[in-house]
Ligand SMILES: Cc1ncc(COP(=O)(O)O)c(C=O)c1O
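The form predicted alone is given below as one chain in structure tokens.
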């Protein structure tokens, strides 16, 4: 990761301000505020919460990406021009989602799982927007939780507790008590984790359905920060200690019911054979567990399926490819399959939309400076991750194409969204998007440099645009200090 570069005192800002070309439109709760009159289908900006139930759709043909450049040279989200959205909402970075794409992604998993008893457990850590969670719950998803607050959020959003799985290598006792009370599945990650689950069961007065998270020591061939299933990972139990855990579960028949086994290999995985390798190991462990009298009915193979961040047209595995690699194994043992998709459900449904503040050069490198930053989207700075970047509107015909680092205003050398990107030189105020920003972007956003977390919107099935999260303000920050 790039070394931190401290800021020196900055010069005084110029008092000359240009007129805001993106006027703020007031948004009244649950009321339509704007209709666009243009040649294409107009959209309406609606209020914070959309109450329309999701319509499940079946797609057997390949689905076009929800963000695409059309013949007029503008970027669209579904059939809505992103430039029009920018001119409607407040002038600041914002996340823009396609609600229909979220639905299509869930339907792809549902179709892949046909013929299997299964739970699609959406990994809330990928994106914890409450309205998105409600939508996923209506589509039939369960939830995968890695903190007590994610558990509370899932319950608030109406998820069925019996379709929720509580993961984590350091689960707190108070959160385990809540999990026991609500009847969610809990993965056992360590000796002390098992002890805490036993105590939580006694406090709650309920037996807990547990799965053993076994570390299969399979290399997912991904960035080491997102590899979770090898022998050096902090997650899971060592497979050679399986018998110790089975004996410990046997010793607590009133507190624990062992119902399955779980593994999670990592994230951004692009080779589904790795899942099969892990599943082969896991069903062998299940055979051993069953041989000792346990009624084990669940195999949880985790999540981690990657997406085409590079937008090169690479042929990557789809949900059906993933499920088909483990289908026969699951059926051969009459198991219920649990999967934990996060990125593959939500990443490609969203862009971070930014405004160009200006263009500069230091003589050897060119920079496009935008109002978005590592505070809103940290993946490139944290993992050196690549996310596709492009302009929202057609560039002027005489715009020179150059290589740019796309950077934000945060006072860190690590504040970049992309490096060495070939782009037309944009005008000041032009729109620029970072693609595939639905997963591990807003959920990892911060208020560093007091850049307040941005608002979120989505395009609905009827082409309207709804606000699904308010942007944070300076006044929100000051409320933490009231009354002290």
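Positions refer to the first chain, counted from 1. On a predicted model such as this, the values are computed, not experimentally measured, just so you know.
A second form of this protein, the form predicted together with the named molecule, is not displayed here; the remarks below concern that form.
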*Using a 4.5 Å heavy atom cut-off, which stretch among 389 to 397, 264 to 272, 370 to 378, 87 to 95 contacts the named molecule in the predicted complex?*
264 to 272
*Just one of 342, 236, 100, 260 has a heavy atom within 4.5 Å of the named molecule in the predicted complex. Which one?*
342
_The single option of 353, 186, 77, 144 touching the named molecule in the predicted complex, heavy atom within 4.5 Å_ = 144
*Tell me, yes or no, whether residue 213 is in contact with the named molecule in the predicted complex, where a contact means a heavy atom of each within 4.5 Å.*
yes
*Although the named molecule is absent from this view, report whether residue 303 comes within 4.5 Å of it in the predicted complex, heavy atoms only.*
yes
*Report yes if any heavy atom of residue 125 sits within 4.5 Å of a heavy atom of the named molecule in the predicted complex; otherwise report no.*
yes
_Partner proximity in the predicted complex: residue 167 to the named molecule, non-hydrogen atom cutoff 4.5 Å_ = yes
*Using a 4.5 Å cut-off on heavy atoms, what residues in 371 to 388 are near the named molecule in the predicted complex?*
none
